[in-house]
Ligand SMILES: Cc1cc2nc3c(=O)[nH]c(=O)nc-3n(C[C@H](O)[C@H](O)[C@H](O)COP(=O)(O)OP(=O)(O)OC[C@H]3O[C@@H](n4cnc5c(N)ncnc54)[C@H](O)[C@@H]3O)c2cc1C
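Shown next as structure tokens: one chain only, the form predicted alone.
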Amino acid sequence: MRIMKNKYDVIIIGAGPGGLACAEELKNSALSVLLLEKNNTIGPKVCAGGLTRLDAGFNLPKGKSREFKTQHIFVNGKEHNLQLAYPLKTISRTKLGQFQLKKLQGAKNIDIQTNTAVLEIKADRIITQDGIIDFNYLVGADGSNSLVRKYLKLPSSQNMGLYYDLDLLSNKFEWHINTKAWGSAYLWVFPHLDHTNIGFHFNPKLISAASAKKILDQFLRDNNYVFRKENFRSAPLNYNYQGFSFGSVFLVGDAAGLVSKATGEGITMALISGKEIAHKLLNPQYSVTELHNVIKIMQRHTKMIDRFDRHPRLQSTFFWLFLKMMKSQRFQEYFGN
């Protein structure tokens, strides 16, 4: 950490996967970069920690993540096994953040400042608790409740994720769907290296947060899981993509609305958008093809869930059809895995 200057070519707000990926691509370039994080430590965040095949180019740390090709999907109580061509992965956000941070060591053009909140954004400067800093370009990588997004006056639409971290170790990657009771919402069981993450993903317009927590708690009790209230977490997930480039301001990951409305996945999209926007900053003619491909996948997810929610009587049929199609590797790739 260095003393902040009064002006930078690029200021990145938020040192999550997207902000760190953006900074990594700008490392040792001709651009001066300030990476700002409001928390004391880079890495920890409320997140289930799931990733798809789209993260393949990021070389996640070996020994710090788990992979699962077999998915156990429970539809209205009946179990089905789905084999994926590319495994789903789980990783702790703390381990991922520290892994990415280590890659920035020795970068002479990047200053990293933690425990610094941004209070206000202007056209060419930000106001922080530690002073005013000018910029040429601003990258908002500050999550679902992004201050940068609010500055741009962009609307947000948010699903919610509730979960508990459990001490037990599991080897079974599970998805639980109850179309009659929950509609498009689902329960998950994600095994990590040193714990298991069990949660519920839902649309708060269709299921209240209080009802969602009751569903999650009852599932844990019914399956004899031991859980503690101090290990309960919740977070919003912004899926309302409105663009990523706004003049000298760019949005990354959750801040851009690059979260799957269907699954809640956001880490992979944050990594890709952070990297692609950095390339765009270095070369304005860069085509961001990889980012556009991710956007298409996210839009497919949104259209699918919107159709699903519009036809509650057909939800079971829709899901059975989707499950059948997911047995095809081609459709898995089309859907983003």
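Note that residue numbering follows the sequence shown and begins at 1. Computed from a predicted model, the values in this text were never measured in an experiment.
Just so you know, the form predicted together with the ligand exists too; it's not on screen, but the next bit is about it.
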Within 4.5 Å of the ligand in the predicted complex - does that hold for a heavy atom of every one of 15, 46 and 117?
yes
Assert contact_stretch over 130 to 138, 218 to 226, 250 to 258, 80 to 88 against the ligand in the predicted complex, heavy atom within 4.5 Å, equals 250 to 258
Would you kindly say which of 64, 301, 280, 38 lies with a heavy atom within 4.5 Å of the ligand in the predicted complex?
38
Let me know the one among 237, 112, 262, 212 whose heavy atoms come within 4.5 Å of the ligand in the predicted complex, would you?
237
I'd like to know if residue 161 sits close to the ligand in the predicted complex, meaning any non-hydrogen atom pair within 4.5 angstroms.
yes
If we define contact as a non-hydrogen atom of the residue within 4.5 angstroms of the partner, is residue 202 a contact of the ligand in the predicted complex?
no
Report whether the minimum heavy atom distance between residue 72 and the ligand in the predicted complex is within 4.5 Å.
no
Partner proximity in the predicted complex: residue 182 to the ligand, non-hydrogen atom cutoff 4.5 Å:
no
With the partner left out here, which residues of 175 to 197 have a non-hydrogen atom within 4.5 Å of the ligand in the predicted complex?
188, 190
